[in-house]
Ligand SMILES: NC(=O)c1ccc[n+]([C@@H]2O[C@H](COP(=O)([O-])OP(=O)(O)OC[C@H]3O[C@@H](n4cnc5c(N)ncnc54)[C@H](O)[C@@H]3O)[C@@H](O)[C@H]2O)c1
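Before any questions on how it binds or moves, here is one chain, the form predicted alone, in structure tokens.
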């Protein structure tokens, strides 16, 4: 359960008895519900509000935060306890509240890791949406913070909480299909153009400077705002980070691999002719010692490939295994396909998080942040490969690319003054 934030503790060191009382008061009794806050009230943030509020045996949504007052009101008003929900336009007020024990983060990508690390430092447990970071170095620091302070930090890669998925991975890794030499992560769907939007005034009541946060200052446009921020490098990670994270995470999990030795990537805009900066078409090959992981993305097709719009196919010597939205299908050579379960489960991912918070057991998380960091890193590597336009070799010991200064610059970012990334 939560403890006093370090800031509160330092403020009260002059009166030991007072500080002890504050610590005791912030710890919920075993039978009490966890006070949870949702930071970011967009589409996925609204999903968090709804789903966490349904875990009535474990938690209550006590606060919601968003810089857009309309979205904040809309999502908070829908909660069953809306009359008691605190509403904030600045996430730092939530971090200063020691009665809040856990937070979930559903902001734009460029805020994910910064808020998550600050929340851990404030003594809170964290559920962070995918990708957990805007760049490689942020994710590494977040994983380090979770381990150092023994906090539950769950990543929003909910396939890891899907029914029977652990059994499916054991099946893969147990040799049932022979040696698995290749996994293909497929992100194959239609996302329409966004057009071009001129600079304009931000919506009334919006703290646009806070929304920008660590990103460079840029005039407000509707295309850099709700959801479409995904397609700009300053805030998002393209669809490889937005949706492809799920497929890459499953592929990496099934192969039993971590960071690759080499990355070859190509991508660009074959369909869009608008404000998009990120690719609509992307291919990445991640090279490991004994296998390859391939990511294949097209955002301009509404027909299925190998039975999936989004999914993963594992190719072994004795057959293949397909994991998609309809579950898992195994096909041995010469035999008919057979369904063996599986699929993603966001409800169970959130329940598992809250159960681990309740028990203060980070080791029991289904999607722990270290795994989230590794999978998000593959997304970042795929984007870096596209942006520098050459093959990358990764040094596992130094945690950087070999002899490539341009690529190494993209492992982190420049942070705007006043929004620097926290140290751990």
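Residue numbers count along the first chain shown, from 1. All figures in this text were calculated on a predicted structure; none of them were measured in a lab.
Another form, the form predicted together with the ligand, is not on view; read the next lines as being about it.
| request: Please state whether every one of the three residues 39, 109 and 242 places a non-hydrogen atom within 4.5 angstroms of the ligand in the predicted bound form. | output: Every residue of the candidate spot has a heavy atom within 4.5 Å of the ligand in the predicted bound form.
| field | Candidate stretches 207-215, 248-256, 164-172, 316-324 - the one whose heavy atoms come within 4.5 Å of the ligand in the predicted bound form | value | Stretch 207-215 is the one.
| message | Within 4.5 Å, heavy atoms only, which of 260, 156, 342, 311 is in contact with the ligand in the predicted bound form? | response | It is 156 that has a heavy atom within 4.5 Å of the partner.
| request: Scan 63, 384, 49, 67 and let me know which has any heavy atom within 4.5 Å of the ligand in the predicted bound form. | output: The residue in contact is 67.
| message | Can you tell me whether residue 139 touches the ligand? I mean in the predicted bound form, with a 4.5 angstroms heavy atom cut-off. | response | Although the ligand is absent here, residue 139 would stay clear of it in the predicted bound form, with no heavy atoms inside 4.5 Å.
| query | Using heavy atoms and a 4.5 Å limit, would one call residue 98 a contact residue for the ligand in the predicted bound form? | reply | Result no; residue 98 lies far from the ligand in the predicted bound form.
| 4.5 angstroms heavy atom contact with the ligand in the predicted bound form for residue 232 | Residue 232: no contact with the ligand in the predicted bound form.
| task | Consider residue 389 of the chain shown here, and say whether it contacts the ligand in the predicted bound form, taking contact as heavy atoms within 4.5 Å. | result | Contact with the ligand, no.
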